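Here's a solo chain for you in structure tokens, the form predicted alone.
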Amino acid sequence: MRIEIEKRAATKLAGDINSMLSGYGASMKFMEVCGTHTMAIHSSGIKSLFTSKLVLVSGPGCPVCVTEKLFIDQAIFLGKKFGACLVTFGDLIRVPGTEGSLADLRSQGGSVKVVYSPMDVIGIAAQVAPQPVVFLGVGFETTIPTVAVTLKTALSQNVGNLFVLPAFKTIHRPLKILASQKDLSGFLLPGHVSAIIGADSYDYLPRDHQKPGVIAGFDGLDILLAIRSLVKMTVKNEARIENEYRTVVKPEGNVVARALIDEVFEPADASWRGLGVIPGSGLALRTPYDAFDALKRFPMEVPAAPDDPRCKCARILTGELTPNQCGLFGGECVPEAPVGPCMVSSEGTCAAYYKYGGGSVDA
């Protein structure tokens, strides 16, 4: 019964969307910022419900995908040169560096451990001491507060062999860059990140760029509701931020989590795949937590690491291309042997296209 009700609701929402599109003179192009939304859109077959006048493209909301190859090379260098035990989330394990991946390093006898929570790294550091333990710090505002709690705990316990290789990123500055693209009509905004930073934090999108944004959950109906709102605002030439995920996302966000981030971290420049170096879009460790910074503790002798020029991951992350416009997709680049990170991560656009297809998928 519930499935039938949801199907009828989806059909109604898709009908509303297509009806508005039919009376609109131009096409609309919306970007889903979050990689989890990308996977949900493809797994539910949402794209197959719309006419060709509605285009959905993926953005830079996959933290593994936007982290550049140099980071993987630095991690592998720490493992080989200093015998560090590298601790990471699972998505990062197969991302290719210049000389292989973390999985390759582990198969060669290197110490690489996968965890589900940053707090696990404190127990690992105690187990292997005095061997240095380096947590690979990749993530957006959703993950960063848990890392902050971990470092506060490590500082209070005087853990001396724990370090973080930082590649943390924040979402607002790249969104401002992408909002300047004239062909983007609006944004499907991330649910998890917005739970931390708050719905009110996106006010610059309508104010400075005249672009609407809708915060959505991850159920297929949640996404369809958000898309209907975006289409309706575009038809009416309105731009505002709407929150369709009110049970989780508050206007002010999570005040406690944001205070934790501000206590442990400070803004820093960060390099993004596809967008280059964006001032103030990353986070560095404040004093006294900078004692955990692996970049300050270990001398790095790692050269710049450009991507394979044939890989289009960078252009996919900015909505310029879709995966099936990359000549490597599904041939030389597959999940078992990825050329770029967009095919590796569980939030990667290429992985979503490969698993579910890029357009018509049975709903």
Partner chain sequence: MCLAIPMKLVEITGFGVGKVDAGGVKADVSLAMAPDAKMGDYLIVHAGFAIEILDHEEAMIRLDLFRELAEATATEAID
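For clarity, every value in this text was computed on a predicted model and none was experimentally measured. Residue numbers count along the first chain shown, from 1.
What comes next is about the form predicted together with the partner chain, which is not displayed.
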query: Whether P60, R286 and A351 all lie within 4.5 angstroms of the partner chain in the predicted complex by heavy atom; finding: no
query: Proximity of N18 to the partner chain in the predicted complex, heavy atoms at 4.5 Å; finding: no
query: Heavy atom of D208 within 4.5 Å of the partner chain in the predicted complex; finding: no
query: The partner chain contact in the predicted complex: D222, any heavy atom under 4.5 Å; finding: yes
query: Residue contact check: C85 to the partner chain in the predicted complex, 4.5 Å heavy atom; finding: no
query: Per-stretch contact check against the partner chain in the predicted complex, the hit in 275 to 283, 232 to 240, 252 to 260, 69 to 77 (non-hydrogen atom, 4.5 angstroms); finding: 252 to 260
query: Listed residue that, although the partner chain is not shown, lies within 4.5 Å of it in the predicted complex (heavy atoms), from I122, V149, L184, I93; finding: V149
query: Contact residue in the predicted complex, chosen from I196, A154, I171, V134 - any heavy atom within 4.5 Å of the partner chain; finding: I196
query: Residues from 78 to 109 in contact with the partner chain (non-hydrogen atom within 4.5 Å) in the predicted complex; finding: F89
